[in-house]
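Take a look at this one chain, the form predicted alone, written out in structure tokens.
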């Protein structure tokens, strides 16, 4: 049941190449940030593929990007420089942080690609000007796609894109609902495979697999103890080895908040006669990235709500090394959890995670949780 999602993650590049063979008129676009409006890409049958790293030591980015930029953005750029995304017809980004934008710009300069687009997604999402501004930028983006593809994007096309994305998001929410159970039918590692694969394969195909899985989940029983119920919060994380390690020492990650997790799919696009306005509103109101969560910290009540709904016993706060938005966000997040009697463990990630060292710290954290449960 889960094997297909894992296979999609492991063979992401092979999948995209095969998709292009099956869809010779189709385009594959690599995107650097989950604020990219996939609805508009699916409206014209483009396959969006999230550009992610490989968690391998890399030594090819130093001439192109500062070494003190976060390891995630350097890893992403390294994948392009090594030719692993050579099947892309284009790349795009929606403005988030400076570091990943630098990876995008370096890609534009040094890696051949047919089309590229920078979407100036506002960072101050709480401004009253944000929604009309973003709606206008989506209009400009749509025109750029129309010029590149040589075809108009109609309202019915946009309706199709919105429906594809909303259907998939709704199914993903149903999957996450099952993790609220006392004995969840999914591990955190399995959930990670499901979400990460969702960012790189055709949503139609992914939705079919989700529908089949949801039929079987009510009868599924894991042959393992749930252990401590943990929440994973912070920087981008698709590091399966880390999650596997955490769940091997007596815990289950039952919910998460990061951009390769629940933050990616959490809310849907509402119907509106102005389709671009509806899409813009979805990205403005989705659970915010810390780079966009100001002046009010809207993330904190959302995180606490998730922790309570999923009966979380502890939160693991992760930060990619040199990640400025999360470095500023974590102190307030840590304080909020502790004020609500939810212990936290902070870990700083690099390109490759020191699983052995982290294992010792996770084991100590779980021991502390078990001791606190006795009193």
Partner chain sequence: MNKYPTEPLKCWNKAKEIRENYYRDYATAKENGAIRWAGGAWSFGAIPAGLGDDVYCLTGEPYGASIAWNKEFALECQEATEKKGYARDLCSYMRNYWGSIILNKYLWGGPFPKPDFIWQDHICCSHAKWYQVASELEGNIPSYCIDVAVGPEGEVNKNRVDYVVGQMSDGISWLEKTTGRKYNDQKLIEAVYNECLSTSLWAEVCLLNKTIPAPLDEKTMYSLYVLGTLMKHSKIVADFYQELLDEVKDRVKRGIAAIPNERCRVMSDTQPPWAFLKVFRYLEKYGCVSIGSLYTFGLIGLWEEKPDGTWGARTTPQQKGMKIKNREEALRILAEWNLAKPEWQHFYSPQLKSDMMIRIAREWKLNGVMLHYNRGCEGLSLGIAENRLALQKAGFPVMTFEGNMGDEREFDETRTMARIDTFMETLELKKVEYTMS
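Residue numbers count along the first chain shown, from 1. Source: prediction; values computed, not measured.
Not on display, but discussed next: the form predicted in complex with the partner chain.
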property: Sole residue of 224, 173, 152, 110 within 4.5 Å of the partner chain in the predicted bound form, by heavy atom; result: 110
property: Contacting member of 266, 115, 133, 87, with respect to the partner chain in the predicted bound form [4.5 Å, heavy atom]; result: 133
property: In the predicted bound form, segment of 203-211, 165-173, 284-292, 216-224 with a heavy atom within 4.5 Å of the partner chain; result: 284-292
property: Heavy atom of each of 57, 82 and 178 within 4.5 Å of the partner chain in the predicted bound form; result: no
property: In the predicted bound form, residue 335 touching the partner chain (heavy atom, 4.5 Å); result: yes
property: Residue 302, heavy atom within 4.5 angstroms of the partner chain in the predicted bound form; result: no
property: Exercise: residue 275 in contact with the partner chain in the predicted bound form, heavy atom 4.5 Å; result: no
property: The partner chain contact at residue 297 in the predicted bound form, heavy atom, 4.5 Å; result: yes
property: In the predicted bound form: members of 316-330 within 4.5 Å of the partner chain, any heavy atom; result: 322, 324, 325, 327, 328, 329
